[in-house]
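The chain below stands alone and is given in structure tokens; this is the form predicted on its own.
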């Protein structure tokens, strides 16, 4: 899965892991980095290997593998320090992903479908088409539902097609407790995160009404003051699109090694293209990410200059 895995990355990897184990295969899930604590309840997460914490053991597992499934990322550099290890691995590599413009030459086989709501939906389709759909169980259902729910914004994004609801209904028939999953993902944060969100909305948000754009910037001091951990900023960018008339929401976070951007949009404004052209990123039409090596002040200033070129598209 990609670095700093979200619900879809972890859910698709663990969902496939449980299926392969049920078929009698020896399987291991490797994450390039650590992950948010709100994912720690997931069935099998205690068996996931963190590459940054165990680089030698992880590399040995990769080098010994017969098949590597690459889930919820389209290019190898999204696995951070695992990129070189994966590139050199002499085995069959299979892509299952729903992001645009996959690095096709890096994989032997694959499914890349941008019309799908999530990689979890694609893993579900894979299982259903395998001839072993009867092996689906509650552990798989909880993992796959996690990514389905998070990547559709709790079933409100445009990618929530009828197939998504049919999948959810099937998982419910298997015994899925959807309220349990929702509570773990959305209702298990500490008080400091809520206070951080209030601080960010009050002091770090700008609304550029002439461009129907809202911008938020988070400083290192903010992260330290509120003791922000991996996953605590998840979903913050979505608040920006709740403002009436706003078509583009952008948030930049000052990390140690770089400035990380997240973009969300409504309607026809393509943030995948925007992120690729200006911030070394990409993703989906209405949800994408990027990065900058500039300092926080410079990258924010640059964003404000760039957005002027999109005045007509954002009207």
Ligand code: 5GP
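What you see is a predicted model, and the numbers here were worked out from it, not measured in a lab. Positions refer to the first chain, counted from 1.
Keep in mind the form predicted in complex with guanosine-5'-monophosphate (5GP) is missing from the figure; the text below concerns it.
Although the partner is absent from this view, residue 116 stays clear of guanosine-5'-monophosphate (5GP) in the predicted complex, with no non-hydrogen atom inside 4.5 angstroms. The shortest heavy atom separation between residue 246 and guanosine-5'-monophosphate (5GP) in the predicted complex exceeds 4.5 Å. The closest non-hydrogen atom of residue 241 lies beyond 4.5 Å of guanosine-5'-monophosphate (5GP) in the predicted complex. At least one heavy atom of residue 287 is located within 4.5 Å of guanosine-5'-monophosphate (5GP) in the predicted complex.
Using a 4.5 angstroms heavy atom cutoff to guanosine-5'-monophosphate (5GP) in the predicted complex, none of 204, 297 and 304 count as contacting. Heavy atoms within 4.5 Å of guanosine-5'-monophosphate (5GP) in the predicted complex are found in exactly one of 105-113, 171-179, 73-81, 188-196, that being 73-81. The partner is absent here; in the predicted complex, the one residue of 262, 31, 58, 265 having a heavy atom within 4.5 Å of guanosine-5'-monophosphate (5GP) is 262.
Applying a 4.5 Å heavy atom cutoff to guanosine-5'-monophosphate (5GP) in the predicted complex picks out 280, 281, 282, 283, 284 from 267-285, in order along the sequence.
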